[in-house]
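Okay, so here's just one chain, in structure tokens, the form predicted alone.
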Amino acid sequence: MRSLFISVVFALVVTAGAAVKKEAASTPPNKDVKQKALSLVRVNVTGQPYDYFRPWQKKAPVSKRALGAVLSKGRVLVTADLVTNQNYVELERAESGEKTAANVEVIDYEANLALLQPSEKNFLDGIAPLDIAGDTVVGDRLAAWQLEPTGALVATEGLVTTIQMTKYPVDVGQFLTYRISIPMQYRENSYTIPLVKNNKLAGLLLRYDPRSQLIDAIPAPIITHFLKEAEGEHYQGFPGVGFSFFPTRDPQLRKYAGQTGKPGGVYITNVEPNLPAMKAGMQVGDIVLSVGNHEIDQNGNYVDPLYGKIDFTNLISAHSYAGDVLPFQIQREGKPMELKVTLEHRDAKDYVSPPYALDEAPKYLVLGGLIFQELSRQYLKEWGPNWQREAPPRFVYLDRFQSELFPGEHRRIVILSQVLPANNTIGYDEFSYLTVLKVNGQEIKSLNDLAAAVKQPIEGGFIKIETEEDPKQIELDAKSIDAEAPNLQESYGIPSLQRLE
């Protein structure tokens, strides 16, 4: 089953310390490429990610070094990965080493793109901006541009082998992606790498596998969509519809759905409440036959004039914008219908378990040594790239099936993430990763609900916490918690016992 709410971007691609096993064969730049070399600037970033295991503090500072593509209107395009949780961003001219601070003008974590502007308005004067090459197809050759420490340009060519829809790093929907076979070598500015075709920007490096020597690249159509949206007064992001679907290759499924006529389309397995598809009247069991006058086959593909057969979600993420109205031709129990779907962008804050929460300090509340937080995928990713296997299974389940478990609810899942050894936690120090249901008899749907509930102790002056998992119930003495709070903060270096906003 695939989920369709196309909005979204976040994987570390070529890290600042990783070395590629096989050295790349780089092509010497021709005369035209040398002229275009000044279309790049170095981008130096320092930042500190938040620590979700100790939510009152940040992790150690990190430095990143990359290349930015200079565009028109004095802007520099990089990946969102590069500038996430940034403290300082600096641009550096490759030919002179001249530097200036830069500001993040627009960032889209879902599409993994960001626009920078130098603090000094004239800093990019004399640098020829790159045009966008939107006509890349399978079989084209693209060049990855990198810089030597001396500022010399290195262009490494690769072959576009596949153009398809894939998940981007923050894993919200699918986006168009170029896959390129290329023997690229590591250099210190390899965090963000422009990919060019005929000296025009064709894409940005999304991720690189040095073993298979394959690049996944953010393609020009996604970049163009991002840039057009960024021209508006308020950046909205990529649009979506809000349903899940399944191919209709199985004749028994088509028979079950009552499909008549020519086989084709996708079967709707879930429609999320309060999102565009449901607002337009879509139902589970419908078969979507075409979108925007593009017929969809049994595999969910349409025929794109440039790429040939490709997943129909591309019609929404790359070709449409929030606010657009798309006609969906469907069959419902064998009867043809047309639905007019008004596309919207779904903000990360509208999820029960937000898919990402970058550049924002995590909320938390420490109560007598118990640390309470709101579940998010950002928290789960603290377990590393294999978080779906390594993180607490119950939390992974709640995140994965949040739409089905909490349909249409505006709420958060409050969790007891860990227990700090303290006088108030004796007997509870082995418990963690619990889902909070009630506190002092009040249902908990956010960390703010919990903060309000603990101020109203039950009879005897106790705080009663009810959880989904064992031990099912935890009791704390309210007066003892208040008395021990200063020692707790001093022992664990906690500047504040809560952050609710």
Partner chain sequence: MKGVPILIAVALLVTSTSYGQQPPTPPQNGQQPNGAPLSDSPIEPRPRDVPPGGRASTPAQNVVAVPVPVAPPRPNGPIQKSLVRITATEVAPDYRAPWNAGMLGRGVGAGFVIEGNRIMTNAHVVSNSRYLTVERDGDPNKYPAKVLFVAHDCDLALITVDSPNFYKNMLALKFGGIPELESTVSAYGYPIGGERMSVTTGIVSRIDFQLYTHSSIDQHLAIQISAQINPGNSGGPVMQNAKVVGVAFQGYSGDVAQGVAYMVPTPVINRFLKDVSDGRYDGYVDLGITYGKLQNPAQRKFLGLKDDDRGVLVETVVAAGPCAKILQPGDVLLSIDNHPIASDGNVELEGERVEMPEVVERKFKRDNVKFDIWRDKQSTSGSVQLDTVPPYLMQSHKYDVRPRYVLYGGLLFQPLSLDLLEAYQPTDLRLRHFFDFYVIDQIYREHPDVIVLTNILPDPINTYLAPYRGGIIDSINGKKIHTMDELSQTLAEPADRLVIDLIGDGPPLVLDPKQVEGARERIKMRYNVVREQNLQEQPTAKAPDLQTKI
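Keep in mind the model is a prediction, meaning the values are calculated, not measured. Numbering follows the first chain given and starts at 1.
Keep in mind that the form predicted in complex with the partner chain is not shown, yet the notes after this line are about it.
K.L.:
The partner chain isn't shown here, but in the predicted complex which of P327, P251, P273, P129 has a heavy atom within 4.5 Å of it?
P.N.:
None of the other options qualify; the answer is P251.
K.L.:
Only one of E95, E404, E409, D350 comes within 4.5 Å of the partner chain in the predicted complex by heavy atoms, so just point that one out.
P.N.:
Looking at E95, E404, E409, D350 one by one, just E404 meets the 4.5 Å heavy-atom criterion.
K.L.:
Would you classify T425 as touching the partner chain in the predicted complex, given a 4.5 Å non-hydrogen atom cut-off?
P.N.:
Flag for T425 set to yes.
K.L.:
At 4.5 Å between heavy atoms, is Q57 in contact with the partner chain in the predicted complex?
P.N.:
No, no contact at 4.5 Å.
K.L.:
Is the gap between K438 and the partner chain in the predicted complex 4.5 Å or less for some heavy atom pair?
P.N.:
Taking the distances in the predicted complex, the answer for K438 is no, it never comes within 4.5 Å of the partner chain.
K.L.:
Evaluate D51 for contact with the partner chain in the predicted complex, applying a 4.5 angstroms cut-off between non-hydrogen atoms, and reply yes or no.
P.N.:
It does not: once the partner chain is placed as it appears in the predicted complex, D51 has no heavy atom within 4.5 Å of it.
K.L.:
When you measure heavy atoms, are F246, R400 and I458 every one within 4.5 angstroms of the partner chain in the predicted complex?
P.N.:
Spot residues vs the partner chain: full contact, yes.
K.L.:
If contact means a heavy atom within 4.5 Å, which one of 358-366, 427-435, 327-335, 311-319 is the stretch that engages the partner chain in the predicted complex?
P.N.:
Among the listed stretches, the partner-contacting one is 427-435.
K.L.:
Which residues from 263-289 come close to the partner chain in the predicted complex, meaning a heavy atom within 4.5 Å?
P.N.:
Those in contact are Y267, T269, N270.
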